[in-house]
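Coming up is one lone chain in structure tokens, specifically the form predicted on its own.
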Amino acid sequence: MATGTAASFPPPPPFYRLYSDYSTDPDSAPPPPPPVEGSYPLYGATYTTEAVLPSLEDQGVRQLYPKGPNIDFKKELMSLNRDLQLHILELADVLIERPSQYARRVEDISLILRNMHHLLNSLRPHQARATLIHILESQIQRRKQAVEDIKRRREEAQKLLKESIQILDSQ
């Protein structure tokens, strides 16, 4: 079946020579390549490393809420939600009375949903920070509990040792 000259595994890639024994020289590995900055092509499309949410105008969508940095997200989302409910009721009415004219209502609903989606995506950085703060606070709490548990067990061990010493001394 297999001849004596055939290897059961392929040879290692040629860059393995760049690495020496880690136990003798931990810094023997070459440094990693620098991270890509700016834009880069991938599978025929150009991507960027900047984490910027494209505006609705860049996406070719009409913005239904006011522009600017001081947006009241709660108020705007509630307003868009009310508009969405109204448009869904209008769509139901149009489907009953004039079924051939439903396309415009569906486009309006799609526009409202895209605006809501964009507003929610604008909140993602804040959500990420809040989630990270919560995770760090819970880690701190768990570590404080672990320290308290260790202290309590140490005190119990010291108490047992003192009792054992007293018992041994009394005999």
Partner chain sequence: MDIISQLQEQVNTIALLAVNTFGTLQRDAPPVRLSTDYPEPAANSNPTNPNPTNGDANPNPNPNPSVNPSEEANNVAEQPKAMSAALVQAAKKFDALVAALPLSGEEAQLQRIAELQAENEAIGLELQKQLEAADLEMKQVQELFNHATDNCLNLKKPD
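Think of the rigid core as the biggest set of C-alphas that the two forms share within 1.5 Å after superposition. Numbering follows the first chain given and starts at 1. For clarity, every value in this text was computed on a predicted model and none was experimentally measured.
One more form of this protein, predicted together with the partner chain, exists but is not displayed; see below.
Joint contact, A7, T48 and Q59 to the partner chain in the predicted complex, by non-hydrogen atom at 4.5 Å: No, the candidate spot makes no contact with the partner chain.
Might M116 be said to contact the partner chain in the predicted complex, defining contact as any heavy atom within 4.5 Å? The answer is yes: M116 has a heavy atom within 4.5 Å of the partner chain.
Quick one: is V147 in contact with the partner chain in the predicted complex, heavy atoms, 4.5 Å cut-off? Heavy-atom contact with the partner chain at 4.5 Å: present for V147.
Report yes if any heavy atom of R124 sits within 4.5 Å of a heavy atom of the partner chain in the predicted complex; otherwise report no. Heavy-atom contact with the partner chain at 4.5 Å: present for R124.
Contact of I140 with the partner chain in the predicted complex (heavy atom, 4.5 Å): The answer is yes: I140 has a heavy atom within 4.5 Å of the partner chain.
Under a 4.5 angstroms heavy atom criterion, identify the one residue in A103, L136, L53, A29 near the partner chain in the predicted complex. Of A103, L136, L53, A29, the residue with a heavy atom within 4.5 Å of the partner chain in the predicted complex is L136.
Taking only heavy atoms into account, state which residues of 73 to 101 are within 4.5 Å of the partner chain in the predicted complex, ordered by sequence. Contacting residues: F73, K74, L77, M78, N81, L84, Q85, I88, L91, A92, L95.
Once everything's superposed on the core, is L120 shifted 2 Å or more at the Cα between the shown form and the other one? L120 C-alpha, core-superposed: shift of less than 2 Å.
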